[in-house]
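One chain comes next, on its own, written out as structure tokens in the form predicted alone.
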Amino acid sequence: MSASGLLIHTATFVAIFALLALGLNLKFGYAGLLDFGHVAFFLVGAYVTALFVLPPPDAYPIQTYAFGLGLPWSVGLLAGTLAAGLLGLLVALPAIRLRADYLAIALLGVSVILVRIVQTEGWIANGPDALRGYSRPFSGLFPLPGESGSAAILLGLVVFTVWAIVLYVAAREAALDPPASQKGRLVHGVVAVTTLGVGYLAVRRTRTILDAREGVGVGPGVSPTDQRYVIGTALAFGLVAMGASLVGLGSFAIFVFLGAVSLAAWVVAGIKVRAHYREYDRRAVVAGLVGSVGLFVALAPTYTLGGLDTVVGIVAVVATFVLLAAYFVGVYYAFQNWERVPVEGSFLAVVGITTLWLLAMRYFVISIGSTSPVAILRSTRDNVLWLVEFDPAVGASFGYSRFFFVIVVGTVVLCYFMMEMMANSPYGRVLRAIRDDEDVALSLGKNTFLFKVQAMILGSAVAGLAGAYAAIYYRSLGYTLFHPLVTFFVFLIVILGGKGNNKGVILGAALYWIFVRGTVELAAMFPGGIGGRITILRNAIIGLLLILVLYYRPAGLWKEEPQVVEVPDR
């Protein structure tokens, strides 16, 4: 799998778990409900969706399932989401008055019961065997461009979605205010080129509107009309791409519009990273680069020779372990003597910069499979224009995996925006008050029982939607996919990123699965026995990382931002 394909595959999985973690964050991070059975709603969303879209049972006599309605995926997604929300209501009514650990145990019991029902009652969903036989939505129209009007409309929707997300994020960045320096003008020029000029004008106009408002932030204080230029530009791009597909220029439209937005996404991501680390100088960047190169140097012997079942291979593995030990000793020494290191900023921030360098080198450099100039150019093209697939026979195309990635990420963005609106509203402030001290909320006349039930329903519905997308992603469902441990992995994501902060939760999902993927690739470098032990130790290493995060950053890597509400004088 190419680096861009691996990026899409991993990012889709991250997005599904980010959606699942957003649901848990609503219950645990905002309302303070300790739900150890969150995976139950994930399971219900997945199985209900699959059963709604499956053909009638007699179409697959080798399988047993309760019913198959053969309905469209839109109906199945809605049914799975509503079913999970309904289960949240049914569970909340008798159990929500339980406190902390008792509530957690009760909900954990519900998740275990549901998993056992799916496993043992074969008539419901094929029992211990996988439930399969359903097709993915719109799969017959791919790869795009297609010859039908439906394929053209789908391409237009994809172009609109990705451009709306990228331009919206760009418009929120203060770095795109009127430039005051030559460097700022250069950044604006790069943004203008990668957004086809028109997108840049939309971003600038939107920035002007946002800067004119006081207290701008994602939430009720932002009117939808503030983003009308961004949305209008994305809509125009989508309509042009749809028209080009209808007249037979779909491949050209994919190359232009999806290739440009791929470039724009890299540029906007770079702007956000620079804004996040704006307090750090070049020495911090160089220190991160040195740290990443050092790790790759330590892994180089095994990466190049470790697969050989010879004395040379054994020596390479031993050399890697020695170099890794020296590397981590050096990291620990730098941590202990950080005040003497001539680098601005904290040790943790430099670790973050090192991680970014590691990801960039793995994606753009390590993924190159050949030293020939043509192979290097093709690999770089595929990795930079990551939304576009290049086929010598048909040219630029857009495959199903990328389409599903866009749909899931678009859903995560929509849920994030809605949850931010909720968090910044009076409703969200009541939930946080209940989390911090329920007695105080009661004394102020708030019906805390009703608020907690609502939080349970909404968080469970979001988990059900994540389960519905998981059903599409997995293409078959088995009870082992919904082990109760999944709940604790999601808790780890929420705590790692920062509970009560939706951005932190999404960051936690990305970091967790990047680490999981990284350990898989690390284990593949070593011989079978050693690689298997590395995989087995993964959870122990993750637990150690969680302990370190909780020790040094108790509120998570991206802690919850304090809410300050000004009350006008009367």
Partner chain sequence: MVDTGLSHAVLNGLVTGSFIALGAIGLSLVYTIADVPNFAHGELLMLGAYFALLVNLPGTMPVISYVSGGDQSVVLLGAALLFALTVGGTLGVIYLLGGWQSFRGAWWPIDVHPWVAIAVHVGLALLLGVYVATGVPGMLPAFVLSAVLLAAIAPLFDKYVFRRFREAEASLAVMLIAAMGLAFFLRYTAHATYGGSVRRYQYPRVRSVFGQEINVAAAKYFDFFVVESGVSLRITDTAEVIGDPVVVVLQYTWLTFAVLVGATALAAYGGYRWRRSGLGEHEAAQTIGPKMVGSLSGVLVLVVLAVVLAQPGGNPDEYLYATRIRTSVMRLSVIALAGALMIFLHALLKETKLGTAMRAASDNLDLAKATGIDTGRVMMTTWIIAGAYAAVAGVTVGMLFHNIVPSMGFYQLLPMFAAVILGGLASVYGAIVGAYVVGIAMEVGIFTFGFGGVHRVSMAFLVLLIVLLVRPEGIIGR
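Since this is a predicted model, take the numbers as computed values, not measurements. Positions refer to the first chain, counted from 1.
Not on display, but discussed next: the form predicted together with its partner chain.
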**Study point:** Listed residue (Ala59, Val520, Ala540, Leu69) with a non-hydrogen atom within 4.5 angstroms of its partner chain in the model of the complex
**Key:** Ala540
**Study point:** Answer option from Leu348, Ile113, Leu201, Leu324, heavy atom within 4.5 Å of its partner chain in the model of the complex
**Key:** Ile113
Point to revise | Contact stretch among 290-298, 91-99, 131-139, 324-332 - heavy atom within 4.5 Å of its partner chain in the model of the complex | key: 91-99
Review point. Taking Gly146, Leu155 and Phe404 as a possible spot, do all three reach its partner chain in the model of the complex with a heavy atom inside 4.5 Å?
Key: no
Review point. Taking 4.5 angstroms as the cut-off for heavy atoms, does Ala106 touch its partner chain in the model of the complex?
Key: yes
Review point. For Phe255, is any heavy atom within 4.5 Å of its partner chain in the model of the complex, or not?
Key: no
Point to revise | its partner chain contact in the model of the complex: Ala524, any heavy atom under 4.5 Å | key: no
Review point. Quick one: is Phe489 in contact with its partner chain in the model of the complex, heavy atoms, 4.5 Å cut-off?
Key: yes
Point to revise | Within 4.5 Å of its partner chain in the model of the complex: residues from 467-501 (heavy atom criterion) | key: His483, Pro484, Leu485, Phe488, Phe489, Phe491, Ile495
